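Consider the single chain below, provided in structure tokens and representing the form predicted on its own.
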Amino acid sequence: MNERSYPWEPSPTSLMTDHYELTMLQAALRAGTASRRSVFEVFARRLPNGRRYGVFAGVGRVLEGLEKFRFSEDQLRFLRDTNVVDQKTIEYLENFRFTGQIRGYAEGEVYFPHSPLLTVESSFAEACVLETYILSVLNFDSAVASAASRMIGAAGDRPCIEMGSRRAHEEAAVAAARAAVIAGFASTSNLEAGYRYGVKTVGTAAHSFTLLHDTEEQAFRAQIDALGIGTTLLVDTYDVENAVRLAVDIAGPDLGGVRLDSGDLVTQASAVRSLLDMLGNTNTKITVTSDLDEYAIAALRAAPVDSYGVGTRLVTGSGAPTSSMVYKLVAREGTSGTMEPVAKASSGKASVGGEKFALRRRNDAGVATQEIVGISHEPTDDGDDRELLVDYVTGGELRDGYVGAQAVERARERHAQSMAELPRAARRLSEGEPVIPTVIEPGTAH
């Protein structure tokens, strides 16, 4: 991680929301219920595509956005001019600031169905208007991190490079790079991610650079003159074998690497490795790119590949572009002033009422066996359980260390530790049940 920090301010986030969040606010203000203490919970009812675990990512970005969740004069004028809400609601929003509590799973933590990932406790008004922003961040970032983690598992000890910027919205590209690094990717091609979050950035040249020059030799010489012999040359613009021989002739045995971006990568990588070794370039690395996903990476496991560049499939969640997380009211203040559990009973979309607390149960060998969720109380630790919840915001004040580069490094470490304690079956790519079950303690569900 880059230890330097640079000034960066997130954009205002208050209108990154759905129209009905504000109309609910207006109705609650009129009804006199907007100030009721409420507890909202983010969770996923299921994991996508039969996956065995998910990865929780995006909390740092949510917290960055929370600090900018204010309504400017121009935004309020827009809401007034377009009749989204009435004057009373406009007056409430003029001084909006979140004053409640937020806690949840540590960023980078693995999760399972019904894990209480994020809990927002505040007035209904404050929690309501945050819903869309929270879900838009967590659903995307967690989808990318979950896909990235599977790719890291398939890659083993070979590094993966995030290269998906041109396949995503410009802000989503930055978020995807951040999420991928949390899940174990070694670097990204996205410079904005490097600037904001201190992650390592890498890159050399594309096919257009070779095509710009009259000959491939001129292109290779120009790149090496500018970047040094440790650079990585793209060798499949024309003929791969000729390009590899040319690269070695120019750079010699200290050429850093070559990149393959097309064709049968298993066959190509084997042929290129043999040729490099025969030419004396035993230390020249081979990087492969070209629409890789976790299955393609697994198929390349036996090939002499040194690193993988992953783009499209990563930033689209490798077939699961959302984590299907929801944000539900699970408890609210009743007319008596006490907190009461509430829950949906809709078919297929039922929720479990009551504030949640969670532990990860582990066996004597330190391997996770269950996700224990207590309703309205903390589940009992049997001696080797690990607490899963972190306090992020207390009384509207953000705790230190949960945004910026420090948050990314913390989340990266948390993910590595969480994966290390899961059963080995977690790394299987075949569809299956969650690798550990979620257990709601008896007698506590509503």
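Everything numeric in this text was worked out from a predicted model, so none of it was measured. Note that residue numbering begins at 1 and tracks the sequence as displayed.
What comes next is about the form predicted in complex with a further copy of the same chain, which does not appear here.
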Within 4.5 Å of a further copy of the same chain in the model of the complex, all of 11, 77 and 312 (non-hydrogen atom): yes
Segment that reaches a further copy of the same chain in the model of the complex - one of 177-185, 139-147, 275-283, 241-249, heavy atoms within 4.5 Å: 139-147
Non-hydrogen atom contact residue 131 with a further copy of the same chain in the model of the complex at 4.5 angstroms: yes
Contact of residue 156 with a further copy of the same chain in the model of the complex (heavy atom, 4.5 Å): no
is_contact(residue 33, a further copy of the same chain) in the model of the complex, heavy atom dist at most 4.5 Å: yes
Non-hydrogen atom contact residue 98 with a further copy of the same chain in the model of the complex at 4.5 angstroms: no
Partner-contacting position among 201, 270, 369, 376 - heavy atom within 4.5 Å of a further copy of the same chain in the model of the complex: 201
Contacts with a further copy of the same chain in the model of the complex - residues in 19-34 whose heavy atoms fall within 4.5 Å: 19, 20, 21, 22, 23, 24, 26, 27, 28, 30, 31, 33
